[in-house]
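Here we start with a single chain on its own, the form predicted on its own, put down as structure tokens.
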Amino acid sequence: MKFPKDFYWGAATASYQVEGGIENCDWAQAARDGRVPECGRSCDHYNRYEQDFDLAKQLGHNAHRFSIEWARIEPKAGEFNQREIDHYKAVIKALKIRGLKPYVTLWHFTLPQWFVDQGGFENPKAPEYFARYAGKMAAELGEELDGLTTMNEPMVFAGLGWLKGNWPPFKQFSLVTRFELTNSGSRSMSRPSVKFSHYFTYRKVVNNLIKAHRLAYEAIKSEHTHLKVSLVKHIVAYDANWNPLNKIWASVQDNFFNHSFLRRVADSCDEFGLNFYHYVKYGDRPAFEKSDMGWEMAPAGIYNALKTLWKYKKPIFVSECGLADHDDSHRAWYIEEQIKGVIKAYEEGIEVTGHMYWSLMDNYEWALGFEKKFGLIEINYQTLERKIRPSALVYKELIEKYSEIE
């Protein structure tokens, strides 16, 4: 089959993970406190974005997903930095000149330090602050865009920050067995606060994230009604064999992790972004090899994830899907299998509009620092040299294979 001419292929990045030089956010402060690895200059994408977009174009992409760094735009509460706004305007212009459609995410995990100092998303006023920022960016960038994504993986943000305690603000619910993220083989650096009450704070944060998205939707639409507003959700694809108990348990998990959030934001979304990394089957469980993250490699499970999200009958773009693979031995196979899963969903009538691999380049993988290699492009962090991996060329061939000729 061939995807239509307006199907978008590309890869994704996130500001803090690739730009470098961001020191006024919660993750930078956590690094100064010795609780996560330092990010520093990272890939220096802030200064080298045109070079990176040239590589993306060379690899056959016609779209790119990136995020705007809130801490750059609003370094103090209510004060917007026009120079940084103009920087992201230049980024969007650079993409469009190269024929790459910009998929813009307003917030990808990191928070301005002033916002954190006021309680972050625990603060009842947090949704209003976020909507103010979203409205400002819609006003500044809206004429150049078709859509805006408000936030990336809100449930992951809340879960790792307030249940497992691996990420800022490092609060762990006492009944949760902590998932030990590693940094170069060592134990997690985060040293969380462990309390039973953190669960209730977690619920408050989730509720505020829902309110924040809904208010941001209104703020964006008030500036530009044409903008398609989306939210990027990490979907765990739950499956089960014939056993009724397994089916029930899969349904319970699916409801908690996926639908408990989605059903409260769906009416404030014109489309959805899908991030997919995990397929979980109860009963008759196949044996999967594991990636460098220790995650089972089940790329075809993206079909199940798309079916899960299609429940809301909104257009879906694959905003992230990829794996950590230091020697590039599995990535080409992984990409081909996940595209087959997308094709299967598309042929069954699910409205999939694009596919972005994670990630365009190696980057700072949060509490794991720079040790995990997700990129189509390898980064030498000493010289900042970019090197295209063989799997990136396979992805290019697949794009050509499944795209209609202009």
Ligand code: BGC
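In this text, residue numbers run from 1 along the sequence as written. Just so it is clear, the model here is predicted, and its values are computed rather than measured.
Not pictured, yet referred to below: the form predicted together with the named molecule.
Asker: Given the stretches 359-367, 333-341, 39-47, 56-64, which is the single one in contact with the named molecule in the predicted bound form, using a heavy atom cutoff of 4.5 Å?
Answerer: Result of the contact check: 359-367.
Asker: Do Trp295 and the named molecule come within 4.5 Å of each other in the predicted bound form, heavy atoms counted?
Answerer: Yes, Trp295 sits close enough to the named molecule in the predicted bound form that at least one of its heavy atoms falls within 4.5 Å.
Asker: Tyr238: heavy atom within 4.5 Å of the named molecule in the predicted bound form?
Answerer: Tyr238 lies outside the contact set for the named molecule.
Asker: Residue-level contact is defined here as any heavy atom of the residue lying within 4.5 Å of the named molecule in the predicted bound form; does Lys171 satisfy this criterion?
Answerer: It does not: once the named molecule is placed as it appears in the predicted bound form, Lys171 has no heavy atom within 4.5 Å of it.
Asker: Although the partner isn't part of this model, could you tell me whether His198 comes within 4.5 Å of the named molecule in the predicted bound form, counting any heavy atom of the residue?
Answerer: Output for His198 is no: heavy atoms all beyond 4.5 Å of the named molecule.
Asker: Looking at Tyr129, Phe109, Tyr103, Trp162, which is the one with a non-hydrogen atom within 4.5 Å of the named molecule in the predicted bound form?
Answerer: Spelling it out, the residue with a heavy atom inside the cut-off is Phe109.
Asker: Tell me, which of Glu84, Glu223, Glu153, Asp328 has a heavy atom within 4.5 angstroms of the named molecule in the predicted bound form?
Answerer: Selected residue: Glu153.
Asker: Does anything in 1-33 come within 4.5 Å of the named molecule in the predicted bound form by heavy atoms, and if so which residues, in order?
Answerer: Stretch hits: a single one, Gln17.
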